[in-house]
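Given next, in structure tokens, is a single chain: the form predicted alone.
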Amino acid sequence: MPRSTFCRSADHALDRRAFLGAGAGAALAANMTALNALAAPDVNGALKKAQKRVILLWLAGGASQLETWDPKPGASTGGPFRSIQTDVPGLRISELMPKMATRIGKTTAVIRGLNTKNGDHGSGAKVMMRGRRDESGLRYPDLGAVVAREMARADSKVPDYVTFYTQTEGRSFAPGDSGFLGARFAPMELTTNNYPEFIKKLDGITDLDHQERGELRELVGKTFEKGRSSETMNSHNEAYQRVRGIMASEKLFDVTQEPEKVRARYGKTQFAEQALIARRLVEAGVPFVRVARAWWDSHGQNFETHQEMVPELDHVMATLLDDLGERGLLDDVMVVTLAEFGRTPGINASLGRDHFASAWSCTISGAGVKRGAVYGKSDALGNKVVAEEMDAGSLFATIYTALGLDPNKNYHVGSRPIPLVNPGIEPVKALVK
């Protein structure tokens, strides 16, 4: 990328330093992540209908609302693309999304009034993964960890929380984080390919060896536990106890298990294949899957970037929603499209759009939301929200409510009660069935 078009935020500098220093610990980190996120058994039909699950399509770097859900054709900020009518009267979206234009009324709520006040990649991503800022000495769990905590089964043989982020740019800005919920609900992070590298038993270790090593670890652990008690220790023990169960779920990550016509329907891009794996995982009972698509940070050549990436998003999102609907899963699986922020209405000298968190868009589809609902309105140029503004907290309260969770439910850190969203924040009822 030409120097003049590169984002010079401190977050990018941190990302490069993190990348350079990551090699030595990568294998160990991936191994521990795989152990930390393990869950377990096959979900029967009745449970599938009762358990809500979430797929988050994470548009890393910040997709432009003006080239997706909130176009401004003809305005000085509008850019070259037209808007098209959707199946919802009065709702027009970018011409780059013709497939979703015919599906919004049957699947999706569009939110056009996000004002999240944070235009930094790293801290903005944390806010949009958690719904609030961390406190000094207290790390909040992200959306994936909360959904895993609320929806996972104790005896499950599938992961609780899986995240795909296989591009390198921006990866360190938005890692999955279980915060104070501990290792039991930490994510299985796939960063090199679509298959968990450490899910298989090594060829040189027999099944008996593996079982005996687990028994030895348990024996040593019980010896260590005598006279001690802590939530952290209990969380790690729960994660380790489920290792053998997770190893049995490896075929869920193998897209060759799908018929060729299904694979062709999604497409052979990495994003498409990961969305298909996400469908396989939630169908098997995984509560939360994040699929990251990078890199939308279009400080230069914004229109070329979005002309390439938005049609892919349109196709993958439409195919995923169709597939979930045909399988009878759309009432129980929520699909969220979200990023750390949007992009400026103003077009810079490099024909790019910069970071913008004052009036941007996201969508929620499927479980628990009013399909075809549109909430929020930006002004004629897209510079500010003029009606139905939402912040990160109210977005998360709405998501939790649509999933059947009480956003005022308390967790406890020591004796301190901590609700799922900060006190006083309410869901937007106009978006919830």
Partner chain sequence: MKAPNPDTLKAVKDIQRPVITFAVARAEGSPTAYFGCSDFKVYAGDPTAAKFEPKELYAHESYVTGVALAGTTLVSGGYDGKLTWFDTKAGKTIRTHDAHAKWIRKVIASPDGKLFASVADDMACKLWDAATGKLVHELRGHAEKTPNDFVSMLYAVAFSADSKLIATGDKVGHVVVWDAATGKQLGAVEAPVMYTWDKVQRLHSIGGVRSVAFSPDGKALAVGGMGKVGNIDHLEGKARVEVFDWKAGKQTAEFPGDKFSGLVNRLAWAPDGSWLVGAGGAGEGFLLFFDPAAKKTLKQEKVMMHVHDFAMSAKADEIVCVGHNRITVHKLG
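Numbering follows the first chain given and starts at 1. Here the structure is a predicted model, which means the values were calculated and not measured.
The same protein has a further form, the form predicted in complex with its partner chain, not shown here; the description that follows concerns it.
Contact with its partner chain, judged by heavy atoms within 4.5 Å in the predicted complex, is confined among 99 to 107, 140 to 148, 288 to 296, 251 to 259 to 288 to 296.
S350 is the sole member of S350, N194, S358, S123 with a non-hydrogen atom lying within 4.5 angstroms of its partner chain in the predicted complex. The contact with its partner chain in the predicted complex, taken as any heavy atom within 4.5 Å, belongs to Q167 out of Q167, N118, S172, T319. Contact check for R82: a non-hydrogen atom falls within 4.5 Å of its partner chain in the predicted complex. Of the heavy atoms in M309, some are within 4.5 Å of its partner chain in the predicted complex.
Although the partner is absent here, F303 is a contact residue: one of its heavy atoms lies within 4.5 angstroms of its partner chain in the predicted complex.
Looking at G74, you'd find a heavy atom of it within 4.5 angstroms of its partner chain in the predicted complex.
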